[in-house]
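Subsequent text provides structure tokens for two forms of one protein chain, presented individually as structure 1 and structure 2.
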Structure 1
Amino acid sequence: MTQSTPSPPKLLLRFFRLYCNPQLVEAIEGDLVERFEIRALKKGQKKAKQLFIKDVIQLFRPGIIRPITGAQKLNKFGMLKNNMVIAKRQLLRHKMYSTIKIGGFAIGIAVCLLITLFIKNELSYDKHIPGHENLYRVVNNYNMEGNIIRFTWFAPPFAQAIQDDFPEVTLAGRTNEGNNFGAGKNNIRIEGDMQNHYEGDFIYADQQILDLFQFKMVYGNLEEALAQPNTLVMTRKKAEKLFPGENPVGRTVYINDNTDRPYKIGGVLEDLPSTGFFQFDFLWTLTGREFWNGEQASWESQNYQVYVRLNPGTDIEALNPRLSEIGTKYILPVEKRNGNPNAEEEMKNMSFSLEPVTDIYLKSQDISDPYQKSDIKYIWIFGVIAAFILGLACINFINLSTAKSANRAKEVGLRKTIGSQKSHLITQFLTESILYSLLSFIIAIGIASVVLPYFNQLAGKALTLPWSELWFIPTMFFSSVLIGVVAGLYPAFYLSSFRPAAVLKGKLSMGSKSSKLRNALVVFQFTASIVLIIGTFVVYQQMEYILNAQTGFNKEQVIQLRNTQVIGDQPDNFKNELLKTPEISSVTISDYLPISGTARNGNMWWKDGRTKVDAGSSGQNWEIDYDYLKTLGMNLLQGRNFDREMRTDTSAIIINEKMAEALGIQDNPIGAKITNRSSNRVVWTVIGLVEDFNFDLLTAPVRPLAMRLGNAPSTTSILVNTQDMAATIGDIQKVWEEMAPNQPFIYEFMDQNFAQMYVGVERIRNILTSFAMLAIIIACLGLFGLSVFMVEQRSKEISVRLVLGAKVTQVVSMLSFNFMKPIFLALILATPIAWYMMNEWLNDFEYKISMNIQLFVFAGISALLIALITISFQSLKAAFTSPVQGLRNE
């Protein structure tokens, strides 16, 4: 042929050669080319090329593609099989190393798995709400002298106003979760039944809340379940408890025995998913409800949460600034009418914004609202810890693999001499590590499923291994292969790089070549572990500090009876009956308690005469009785308690130190006149100054507080002085049953309620402690493995030393010291890191321990001790082994 012979597309031809069965390739390629040449002559090159492509594609078919069976494949499979056999032998021959590698890996993976499930659960919050992308709540951002205070309480007409004034808002609804209005726990009684049931979590809600959140219904109609006045809906579990096996819609119930206001059941909701910020058992309708005269039209109280649904595609950033129009349009005129001289100024400091409901659970720690929330911070912390623990496990794998490399060196040398290529060896070592990793995954899943119930308890969750979910098994499989590759890559390259000549001559320094890397990795492991240990110590001490802190009130030996408003108009009688029991020293009845979750309110306070001049200071306004201070052990600094003999005490008030400070009357508080109304002149005379006590979490400073005589009867607190708590509670119950027949008897201990406030912090402490222990265990496993190896390596040296008269102690200290060096280094590195991290954490607390040197010394010594114990096992074993054994092979 001439030079101008057209040639078929090279790339396609190469592709053909790639897939074609080698036995057929020559003849078929010839045919392809010949056909192309013929066609090129007959039909032109372009057409020939097209047909050529068609030919190549048509050739890509079974029978022509390299066969799955046959010599070629058999060989590869054979190598894989051989690799497996070698891996299995290695695994069984060095049982201890294998156990450490696989065990450490398995623990690491199990931890990661649990944490992943935990994080996945946390991130799934409120994603189940239909149309959650367009569901928001309103947040009030109040700028108080530069500090932005964010909260979600709004005036009753706010929801309607936002819906009317902004076309982007298609629907707005409110909830009211204030204990002052009766939300929370209540007695519920079915009409025609005598027995009251004390049930939790009543919340007031508009019918619109049902439309916004689109709850699933068991009975009733979602569109109208709360539309009528005096209706209520309940969750399925409560319906099944109160009305077993029937549809309760339309039935009548009484709340707290109030027969004047019977409630009709409007519907039953499917139980709420646990992954929702919004948790309740009963929803009371707000339709036709007014908590006081004119309340629903008033812009002066703020008791409602407002939720809105927006038009899809609304630009939130553009909408947020416009929301303050509500303030200028509705709130400002009211404030001006009330004669607030700073109304304009205050309005400028107030702004509203919309927050997606899916952000409430994890991303609104700075917002004051009535919900139990978590913190995105902990997601990060746990994620990092999981990665660290997995990293520690990988490090063990790498360390032990390279350490044992000396034993494999001869094998590598021999294989290379016979003709193995580097890539073959890498494949072999990776096969081994993937096998280890697969085994670890299987064990890890076993560990995780055993530990899961405990972890659930620890984390306060109800997680399960998602076997039924499609992603689970493939993900686990691929991650195990991936981790196997990651952990095996360095050892594989390291081992496969041995030069056969050097190895077979025995020139290779036995595995010590990479000891620098090993030491660095050990330092890293122990740094991480020590940081975790110090962290755990700090968290632990802080928790102890808080739980035993001087709170300024007495929480020991106080029994609290719930729902005591059912006693009705005879509280004094009840008190007297209780006081007949000699073990009971004092009784008080109140709604307001220094335990979070009990009644709270807010007022603006002024020194009398300063109203309409000062901006006022916000402070609590509690109703207490004569025995409150005595029963709860509050410390009266100046003045006196309320006195039954003094008729004027109805206008007397007791304030705390913070209130005195805020009003500027700290120098001479007794006798000062203060007021909490800007219009009606109700003036209170301060008769007592009480020492500040904590009525919020100890993460916050004490706030101003004023207490006056009143009737707030939800909880009776009883101070007892008894050795036999059970008998005393029996006595109390007898009185209760006499005074309140058919009412459930519910008592709690105040110190437990107090501890309950810190359940979240305690949870973090427990989880952190477990992780720290795991990290230490994994790090120690690695250290143990390395020490075994080192002692093995130096057994001859040790034997010689012993024969020549070295003492056991000398040998032990020699071996141990070598290992302690990286741990000392780790301690030095870990100290500042831990210091910084724990300082950050402690900054969240208003009352905190100071981090002291002892803490670090203590944590350091513990880490060193743990490491020393780990190492000394092997050191001692080596020192006490008869030198004959070590030298026998010579």
Structure 2
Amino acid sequence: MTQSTPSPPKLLLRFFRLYCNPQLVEAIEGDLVERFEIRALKKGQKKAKQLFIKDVIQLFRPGIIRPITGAQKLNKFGMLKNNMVIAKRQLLRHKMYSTIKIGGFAIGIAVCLLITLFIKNELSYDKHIPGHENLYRVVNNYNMEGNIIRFTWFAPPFAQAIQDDFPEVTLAGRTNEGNNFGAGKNNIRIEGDMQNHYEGDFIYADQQILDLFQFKMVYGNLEEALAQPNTLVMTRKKAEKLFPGENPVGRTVYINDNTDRPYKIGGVLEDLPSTGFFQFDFLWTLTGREFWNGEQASWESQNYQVYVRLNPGTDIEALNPRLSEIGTKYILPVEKRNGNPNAEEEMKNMSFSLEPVTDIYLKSQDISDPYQKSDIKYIWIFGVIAAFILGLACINFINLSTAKSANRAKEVGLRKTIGSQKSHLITQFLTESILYSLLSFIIAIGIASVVLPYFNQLAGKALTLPWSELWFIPTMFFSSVLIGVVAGLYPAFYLSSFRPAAVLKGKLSMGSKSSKLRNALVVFQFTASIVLIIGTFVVYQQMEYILNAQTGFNKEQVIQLRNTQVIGDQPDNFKNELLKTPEISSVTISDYLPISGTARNGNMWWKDGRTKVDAGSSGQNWEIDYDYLKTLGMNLLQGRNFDREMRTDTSAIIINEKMAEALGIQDNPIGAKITNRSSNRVVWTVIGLVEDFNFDLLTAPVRPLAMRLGNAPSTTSILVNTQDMAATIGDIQKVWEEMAPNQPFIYEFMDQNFAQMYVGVERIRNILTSFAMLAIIIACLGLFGLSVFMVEQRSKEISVRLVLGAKVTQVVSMLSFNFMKPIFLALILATPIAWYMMNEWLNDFEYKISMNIQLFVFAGISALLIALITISFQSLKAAFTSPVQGLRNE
């Protein structure tokens, strides 16, 4: 039995012969094969093949590579030049088709470029933080009857506990963004100055937050800027506004005119990048700060966000389950001490996990926290839209190229007859498509530059074309070549496949195969376009529904006056002065309002006497005044409002339907005694029941709420009844200037603030609308080109029909019908796709529209009308053309 001789990989050997200088091939190949055989005997075939690959790759270097010289070089250059000349002639000869191809390409590429900039910006959030790979925030995951509720508020000692108990945590810090603690907008006044400045946003933070996020400092020392009590840091833009041209570190300021607690400026930070979830203007130190006696040691209140830095390489999956030990060690004893009978069960349902800070902006929609966020779903949606729009432009190119194939058939046949190879023809057609693509890219960059400011307005961004970045120009160039190849590949192979004999004998099939492909591509184009149209309609209707929804309170004609805590101890005088204006119907002072960005205070509530029996219900605890319900138009279902004449109302409370239901007193709420978990457990008597009203985004259900008399003085809401809003505001300003001289007069409209809650959704709607319009424009461009081609091809038939007495309407119907068939098919395909996608999107809303058949019919009719108008222009032109002229042209 003989053993076969091992042989090197044939494919690699061919590759070597392809690139190697023919004069060296024989000698080098012999050595290569000999080395391979020796290695195969000594080390085995597998190892020998691996080393053979290495040898072939290493030999690919100057001196061995096949030279391109002399006639060969000239021929290649000449061919390229010839291809370019032909491409230029084709471009100029068929100006309309060239315009459609290049225009569609340019629009598609410009849209892709803008979307790419948008997506790149969204994905870059918080990547600027030094060491962000090891920076996390803590998330509380509570299992409530199978529903996982996720939030990020923790007790004051939580941060220190996690740092002490887990060696993987090298540093932990806290922030407090609660408006009811004073965070948010405040007056700031420089010592020695009389003028207050109403500024935001204020956030409480530990010194450790500066160490964790490593903010860049302009003035001061990062390591101690918040280390002392009663210090604060501010951003550069605020420092330049308040202390122009000077270093303010060490200067004293007062917040809300409180001279008993002066603050020293500990540092100035560089302005925060817009691509960060953490946005503020001022950081107040938490060092030495206690919001009530014993607050910092209490495990009963949850008002702090907790951030941690981990040792590099920490196994998060292994660490997360262990974090529950904090609940068992610290929270469980407190709950038992308070007599909570369900403490053990609650601890089982509670777990903690760590979330990368780089995921907060895009991947934490299900987590309740105080930050403005986006959604990773939109990144995917926009990415798909960009691909679709670019695909539509490529389809136009393919469709028009194959449609015009008959015009190039003779050229192909002649060139093949005189010796041109198929590869040369493919190269020529690809050269044409790449030329179109390069021109389109140049135009696209111009379009993107012009449109970018408007796109920034739509998206709420400040995007710029990255001319100075090294990757931009090369990426654009190679992308244009790649897209040119992708778009031109099918037409190149299709056109180069014509048989010369058939072409020259006039037996060339007009391409039924290509016609089917064109129809399929048109169906794809309009399917994508109709899905976008339906999506736009659904988003538009949902936004209209939200903005005009019956929220259970009055937001129209309500002016919100900010900064009213400076009025001090005379709020009643202020309200009375305002009410002297006839156009003012009612005035209330409260920081707690049914729009986001205002104060919130979550508590646990029980029916009195059940605190050691029931688990308690989570609900809001708001401070309002006597005129709150009247000013905001809330509907009192049972009982009464607060009464100035009844002193016992200091322990009275008004609840909403959800709170009554949660406490099990919905049948007879008036007179019920309830209590909450707070520093001083007060028993409240329910005197009123209001209809549920929305005080969160309409993506969430109404939550339990209780309202009691209290002092929350920073916002005054004024209900007006006037047609001359400017004059009424002028009257309010006069009262303000009398009551609060030298204080900024700042007002807003409540309905605008309500709409602002949905600005993110509205931006998505505007962007989606724009993209849908562009998609339909690109699709119609292609349809228009095909209709022109079809009319050209059938001009003789049309002329004969007209001579024989056909009516214009018959000709138009005949020409339009063929194009409408794929549009109908696209509508059928698009309907279930759009329904599924938009149903998924609407599921994010607690209150939403229901999609109905009329919506799809309307979207379909819109697409059909647009397509019909596009086609009809050419159909009518053909129908009104003199048949004599048509026949003469034939």
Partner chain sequence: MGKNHLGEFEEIVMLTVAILHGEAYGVAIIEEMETRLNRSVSIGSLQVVLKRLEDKGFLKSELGEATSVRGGKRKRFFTVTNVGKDMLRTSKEQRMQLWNAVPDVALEFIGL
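The first residue in the sequence of structure 1 is number 1, and each one after it adds one. The term rigid core refers to the maximal set of C-alpha atoms that superpose within 1.5 Å between the two forms. Predicted, not measured: the structure shown is a model, and the values here were computed from it.
Asks: Two copies of the same chain, shown separately. Which of them is the form predicted alone?
Replies: Structure 2.
Asks: If you line up the core, does Glu840 shift 2 angstroms or more at its C-alpha between structures 1 and 2?
Replies: Shift of 2 Å or more: no.
Asks: What is the C-alpha shift for Asn21 between structures 1 and 2, rigid core superposed, to one decimal in Å?
Replies: Value for Asn21 between structures 1 and 2: 8.0 Å of C-alpha shift.
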